[in-house]
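Here we start with a single chain on its own, the form predicted alone, put down as structure tokens.
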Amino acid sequence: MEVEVDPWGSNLVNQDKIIKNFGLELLNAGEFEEPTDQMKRGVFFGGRDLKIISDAIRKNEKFYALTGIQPSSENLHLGNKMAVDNIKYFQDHGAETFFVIADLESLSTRGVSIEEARRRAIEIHIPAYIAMGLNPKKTTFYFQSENTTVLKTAYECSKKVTENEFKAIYGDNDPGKMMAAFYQMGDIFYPQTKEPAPTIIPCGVDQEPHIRLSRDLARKFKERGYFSPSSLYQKLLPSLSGKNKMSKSEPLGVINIPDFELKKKIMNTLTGGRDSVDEQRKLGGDPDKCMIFELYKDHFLNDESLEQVYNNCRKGKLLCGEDKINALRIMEDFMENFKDKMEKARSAVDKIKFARD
């Protein structure tokens, strides 16, 4: 049975089924130079054509990395941090990095005006990404609505896809989604319009439809020598309740950056604890079912600290209440550090020259 993956929705995506149904390759972290903890732990778990990227890194050859934001919200969350962690690895290992502000996509799928999208990008999203580790001096920034090459490429892509082909990938032919998808194609191929080279798109696995379409199109642009885009997918973060991926539909299940309800959320997070303190001391907890441990693994702890938490939980030495207090302290430190970096990053945004072609 086909798995529906909606890159604009908030539906729960079954990662295992996507890997099987779409034929994704699992990430072998050992093939990459200096793999991150997130790569080794399966937080970044797989994608398409990863070897061409690992070879480019190892051989110090030219390659591109593309990421971006749809400025449809004024809130950031831990998923955004993960996106920065993902792109930062490739930027640190030689990728020419591109950052798109998808203001036209935000308009066509969310109804956010071009002017409001620009304000949110300048005041919130771009400085936040810089604060979380994106190097603005090594990044080409642009707005979809201002970039003439992206516009031209999007139009060219639209002429090479039939209605049935589009519906087979996205599930429907909603005009707004079609426009958004073709602008995504313009973004994905934009780096290669200057000079064809391997291109990696680090993103959430829910963006797989865009990657599938771009790879189909690359084969239709043979005369231009485009490389089929590669992808590295980050897993979708579960809600703090453990039920769904983090979503605006469950506000207490999402950790925002910054978050003014952080303490309330952490103290109500699902854990793998027992019914009583005595039982947990005797039998131990189950960190594999604990969303606090999930936060540690995905974002905050190194291998040594993570192993210590895991073993202490299993042995009943670490109780859930204590664990939540520790997690709250770690995340409060992160938030405070982010706040300081955000203020410094705002001055960097003033110096950015946005690409227009």
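All residue numbers refer to positions in the sequence shown, first residue = 1. Since this is a predicted model, take the numbers as computed values, not measurements.
Missing here is the form predicted together with another copy of the chain; even so, the following discussion is about that form.
- Residue contact with another copy of the chain in the predicted complex: L107 places a heavy atom within 4.5 Å of it.
- The closest heavy atom approach of D174 to another copy of the chain in the predicted complex falls within 4.5 Å.
- Using a 4.5 angstroms limit between non-hydrogen atoms, K159 touches another copy of the chain in the predicted complex.
- Put simply, Y89 is far from another copy of the chain in the predicted complex: not one heavy atom of it is within 4.5 Å.
- Residues I114, K152 and Y183 are all found to lie within 4.5 Å of another copy of the chain in the predicted complex, as judged by heavy atom distances.
- Checking V84, I124, M178, L236 against another copy of the chain in the predicted complex, a heavy atom within 4.5 Å turns up for just one residue: M178.
- Checked against another copy of the chain in the predicted complex, the residues E261, E163, E195, D278 give one hit for a heavy atom within 4.5 Å, which is E163.
- Contact with another copy of the chain in the predicted complex, defined as any heavy atom within 4.5 Å, is confined among 163-171, 75-83, 215-223, 89-97 to 163-171.
- Contacts between 322-357 and another copy of the chain, taken as any heavy atom within 4.5 Å in the predicted complex, involve only R356.
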